[in-house]
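Just one chain is shown here, as structure tokens, and it is the form predicted alone.
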Amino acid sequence: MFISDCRREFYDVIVSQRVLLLVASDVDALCACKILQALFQCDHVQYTLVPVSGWQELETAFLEHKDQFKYFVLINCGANVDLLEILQPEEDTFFFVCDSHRPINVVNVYNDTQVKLLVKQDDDLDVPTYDDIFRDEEDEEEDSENESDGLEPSEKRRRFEEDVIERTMKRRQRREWEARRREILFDYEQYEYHGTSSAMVMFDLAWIMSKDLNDMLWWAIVGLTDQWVQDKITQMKYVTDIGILQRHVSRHNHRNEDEENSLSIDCMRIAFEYDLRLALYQHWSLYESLCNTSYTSASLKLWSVQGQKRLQEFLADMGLPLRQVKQKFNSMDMSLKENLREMIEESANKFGMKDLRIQTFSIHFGFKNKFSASDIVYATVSLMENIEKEGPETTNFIKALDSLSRGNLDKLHQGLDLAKKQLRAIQQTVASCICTNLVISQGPFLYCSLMEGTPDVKLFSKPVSLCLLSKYLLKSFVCSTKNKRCKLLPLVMAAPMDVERGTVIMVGIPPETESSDKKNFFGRAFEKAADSTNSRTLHNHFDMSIIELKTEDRSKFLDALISLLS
């Protein structure tokens, strides 16, 4: 059931209860969790936080805690499946689901008692109507025998014939209704996509309750930027949501310039700006950032000798000396940095990079530390998917969550260092895949598989890193191929998951086109291909388009996928 008043139907209900928070492993979920934790702290709400990275962990966490808790808050998980069927809860258990995954399962939408959905109502949800999906079981077997006991034989026969015709009509109507229901559900559930960021939904709640702080606003910005960095939403949706947040930023960070305290506002200041679409450039060298940002790398084709020449020409066109470009951004000459954005943008237009400037926000902590929202996203993802083992599984989640607080700048800087390694690894893998022609056209989609023993292959056994790699690879492939048909194809990417268990992780990415609506059909296609071939697959991720598969079942699974999508 959709909640129309978040404060009354959600927050006021749980504020006096013990609550279990189940939080998915993505940056938007972490940001939504931080906002909710801050609200809970204001009102002294007792809660327990459990990170969940997939359906199995969600079920385990529920089973472990269902006796102590009656109120469960699920962040970025649970909306796109029938929760009650999966978890089989008692009738006095309530679930509040704040999830950006779409489409939302229809049983969750029409359950009025136990499942409450915290969803922005202006998202185009297109949920089928109740009568199209659910039908009250009517007792079709009407006992007409008793009525006809005292009738003449001819009258009896006529009544019997009418009864048979009526039953036949009812059965036919039911078959037609079921066929229409299957069709409606197929159309509704065919594509997977994302709605408004969960962090923005939680910030709205804080704002309605007049408890919104600058920190919460920053987390909402990071949640939205995570959706943009990971290509989960359209450019139109991103710009619209940026506009909404910009009004809040003006409200929270407004100071007259002539006031003495114009610089030090509580040592934290958020600013809207048109920034360069270059990853981590303020914490790296400009040269490294240009080489390791997917947009510039793909546009200049940096994996080729010709591409490297174009990069030198690009830098020469801006009039930037190599010595300046290759040193840390902070150490560059002030005279160069002042007009840097304009210089880069002017030259980028000549080299066909017309979208190098994007609308975003930056944050200043005091006078020294400045970060853009995408810097925080890259750092948090890297901390969360760090492959160096340091204690239990949840350590990375807690570190990533902590790095979002302004008191933990050391963890944030550690995340930025890991993010640079991750971006380098992605770019090198993209270059080797394209140079060795590992991307193959399979007919209805492109396919690429990383072999065991490839450098950094362990990093790509993690879902977010593999998705980033797949998106960067598809972007680069579209720029490098001369085949017009291949430019319009989606990509399926596989990487070794667990060598001992003999599994691979596979992800499907929609086509890289200007007008792309970011809707992904691979979730349903993977399910059907696995069912038709009895492949041993594990659909454990909250994103349906990511699956785990036994290595020896891979070829029959791909054959089924090809015939299904042809």
Partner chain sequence: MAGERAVGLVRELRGATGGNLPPFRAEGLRQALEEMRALYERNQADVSEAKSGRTDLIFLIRFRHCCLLRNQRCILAYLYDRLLRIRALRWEYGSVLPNTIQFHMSAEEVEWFSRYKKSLATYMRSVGGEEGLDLTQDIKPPKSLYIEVRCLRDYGEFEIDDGTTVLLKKNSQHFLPRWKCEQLIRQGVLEHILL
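Residue numbers count along the first chain shown, from 1. Computed from a predicted model, the values in this text were never measured in an experiment.
What comes next is about the form predicted in complex with its partner chain, which is not displayed.
- Not displayed here, its partner chain is approached by L401 to within 4.5 Å at the level of heavy atoms in the model of the complex.
- Contact annotation for V45: at least one heavy atom lies within 4.5 Å of its partner chain in the model of the complex.
- Not displayed here, its partner chain is kept clear of D498 by more than 4.5 Å at the level of heavy atoms in the model of the complex.
- By the criterion of a heavy atom within 4.5 Å, R554 is excluded from the residues contacting its partner chain in the model of the complex.
- Of the listed positions (S532, Q37, S516, N540), a single one reaches within 4.5 angstroms of its partner chain by any non-hydrogen atom in the model of the complex, namely Q37.
- The contact residue chosen from L49, A525, V504, I509 relative to its partner chain in the model of the complex is L49, the criterion being a non-hydrogen atom within 4.5 angstroms.
- Contact with its partner chain in the model of the complex, judged as any non-hydrogen atom within 4.5 angstroms, is confined among 393 to 401, 471 to 479, 159 to 167, 70 to 78 to 393 to 401.
- Contact residues in stretch 403 to 417 (any heavy atom within 4.5 Å of its partner chain, taken in the model of the complex) are S405, N408.
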